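In the block that follows, a single chain appears as structure tokens, in the form predicted on its own.
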Amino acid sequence: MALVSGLVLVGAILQVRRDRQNRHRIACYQAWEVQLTDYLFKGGYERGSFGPIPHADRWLFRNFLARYQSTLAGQESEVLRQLYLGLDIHLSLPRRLRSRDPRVRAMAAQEIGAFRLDELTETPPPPVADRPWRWNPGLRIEGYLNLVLPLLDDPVPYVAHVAARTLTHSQDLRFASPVLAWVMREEVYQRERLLRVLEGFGPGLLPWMKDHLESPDQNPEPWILFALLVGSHRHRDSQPRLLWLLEVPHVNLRVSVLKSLIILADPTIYPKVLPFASSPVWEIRTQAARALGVLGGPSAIPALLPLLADRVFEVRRNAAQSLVDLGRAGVSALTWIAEDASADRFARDIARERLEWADERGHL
């Protein structure tokens, strides 16, 4: 009984303490939001003073600045970065990156990316004992990204994910190889989320991948990411490499290449895509059905009509959608199929379904 009473008392004390911290955090944030508005937009930064920050609240202020840094751009973003650096909050980053608390490690890695600690700065030199980098006035602060690199092997997936995002947002291709290796072995996050990480490197990653990846015959998985990144960046210079990859007999690679070719929408490659409409693999036919409409225009109608009778619904649906997207010519073809009693039953059904779908949305 005494033990239960003691646990209840400890729990109540912890809850009261947490409530008090939350109220204090909310009060600080409300006050700082007003000060930040004056500092950024009413000339406060020109006077060089944000206002006093109690030493005990500096960790809270650090989180406050990181929260707003991601919402700003241009001059305001740079002013906020200088405010962060001027408070010397970043001096504790090497220690926080080694913290036993994963939330602290993740926050430290996020700060390095948010405040662009690898870029030029004019901040005064830190104490010699606290210099983890080679500091020079007006030159790049070096060393922080190298400290983030080991976090790619962090046992907590979220920490490794934040570290990868920080490294990619630096757009420093020195980190392309370890980040790509982390992406390839990552099993927690979906491919789309990992692609968002790699997009942080920008289109400059694509030439690097061309030069450094193994042959797609030996290891096609990284080339799948390459193909999808080409689409994400709409990188037309990589289209010849996409067409080369289209010749590799790997289903997921061909599907990814076709997705990106749809985004690039170059009509001159229509003849190269046309044969994939008759692929024995339905995933490839599904993407080919969309690609033909985008690349071929009305001239693709004869190739799309047979796909309306495909045995796989996704192929029929994409072919019908491609016809709808072609406008009057495609809708006329769908209407002809829908009203033809001698047409394939599945083709008539999907034609009617797409026509109704388009009519409901005012696309007819």
Partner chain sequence: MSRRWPEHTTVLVVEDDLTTARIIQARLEMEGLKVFVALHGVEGLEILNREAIDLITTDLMMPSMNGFRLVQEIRDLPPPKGRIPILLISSNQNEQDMVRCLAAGADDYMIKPISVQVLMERLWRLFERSRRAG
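Positions refer to the first chain, counted from 1. Each form is matched to the other, and the largest set of C-alpha atoms that superpose within 1.5 Å is called the rigid core. As the structure is a prediction and not an experimental result, all values here were calculated from the model.
There is another form of this protein, the form predicted together with the partner chain, and it is not shown here; the text below is about that form.
### Task
Kindly indicate whether Arg67, Gln75 and Arg234 are, all three, within 4.5 angstroms of the partner chain in the model of the complex, using heavy atoms.
Answer is yes for this spot.
### Query
Where does the partner chain sit in the model of the complex: which of 29-37, 320-328, 51-59, 302-310, heavy atoms within 4.5 Å?
That would be stretch 29-37.
### Message
Even though the partner isn't displayed, in the model of the complex is Trp336 close enough to the partner chain, meaning a heavy atom within 4.5 Å?
### Response
The answer is no: Trp336 has no heavy atom within 4.5 Å of the partner chain.
### Message
Check Gln190 for me: does it contact the partner chain in the model of the complex (non-hydrogen atoms, 4.5 angstroms)?
### Response
It does not: once the partner chain is placed as it appears in the model of the complex, Gln190 has no heavy atom within 4.5 Å of it.
#### Entry: Interface membership of Thr71, the partner chain in the model of the complex, 4.5 Å heavy atom rule
Thr71: contacts the partner chain in the model of the complex.
### Query
Does the distance between the two CA positions of Val312 reach 2 Å or more between this form and the one not shown, the core being superposed?
Val312 C-alpha, core-superposed: shift of less than 2 Å.
### Message
When the rigid core is used for the superposition, does Leu36 move between this form and the one not shown (threshold: C-alpha shift of 2 Å or more)?
### Response
Yes, the C-alpha moves 2 Å or more.
### Query
Superposing on the rigid core, is the CA of Ile26 displaced by 2 Å or more between this form and the one not shown?
After core superposition, the C-alpha of Ile26 moves 2 Å or more between this form and the one not shown.
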